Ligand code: C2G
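Okay, here we've got a single chain as structure tokens, the form predicted on its own, with questions on binding and movement later.
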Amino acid sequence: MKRVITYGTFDVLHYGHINLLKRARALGDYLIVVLSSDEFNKVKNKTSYYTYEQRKIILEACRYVDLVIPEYDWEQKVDDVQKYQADIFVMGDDWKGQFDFLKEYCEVVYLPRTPDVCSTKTKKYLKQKDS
């Protein structure tokens, strides 16, 4: 079985997220999503619309996702890859080169982002609509 692992906040889930998850899952047989915890989001100066538990429930409902685990810090990636025996690490291509250090442990793939969609734009639109 080929295991794929990816990371993210996955706040305000949109079709760009689904495309990324679908393409990541197509690279293997089992997809692990490491979801930023609320505490880690604070460290990154990010605010999520939904809590970790709510985002986890949403991701677990996605047919491409097999397992959702929490991300607590930047440094846990090597441990996660080893612990969950990941064969492939996947991130969006806006992170290209940032995770090449993982090539010692698994294949690293950067997938193109879906054009014209992002959580930040979606949250701004929703905020304007509520005003």
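Residue numbers run from 1 along the displayed sequence. Note that the structure is predicted; figures quoted are calculated from it, not measured.
Although it is not shown, the form predicted in complex with the ligand is what the next lines describe.
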Can any non-hydrogen atom of Lys83 be found within 4.5 angstroms of the ligand in the predicted bound form?
no
Partner contact for Val108 in the predicted bound form: the ligand, 4.5 angstroms, heavy atom:
no
Residue contact check: Lys56 to the ligand in the predicted bound form, 4.5 Å heavy atom:
no
So, in the predicted bound form, is Lys44 in contact with the ligand at a 4.5 angstroms heavy atom limit?
yes
Between the options Cys62, Ile88, Val68, Met91, which residue brings a heavy atom to within 4.5 Å of the ligand in the predicted bound form?
Met91
Can you name the residues of 21-56 that have a heavy atom within 4.5 Å of the ligand in the predicted bound form?
Arg23, Ser36, Phe40, Lys44, Lys46
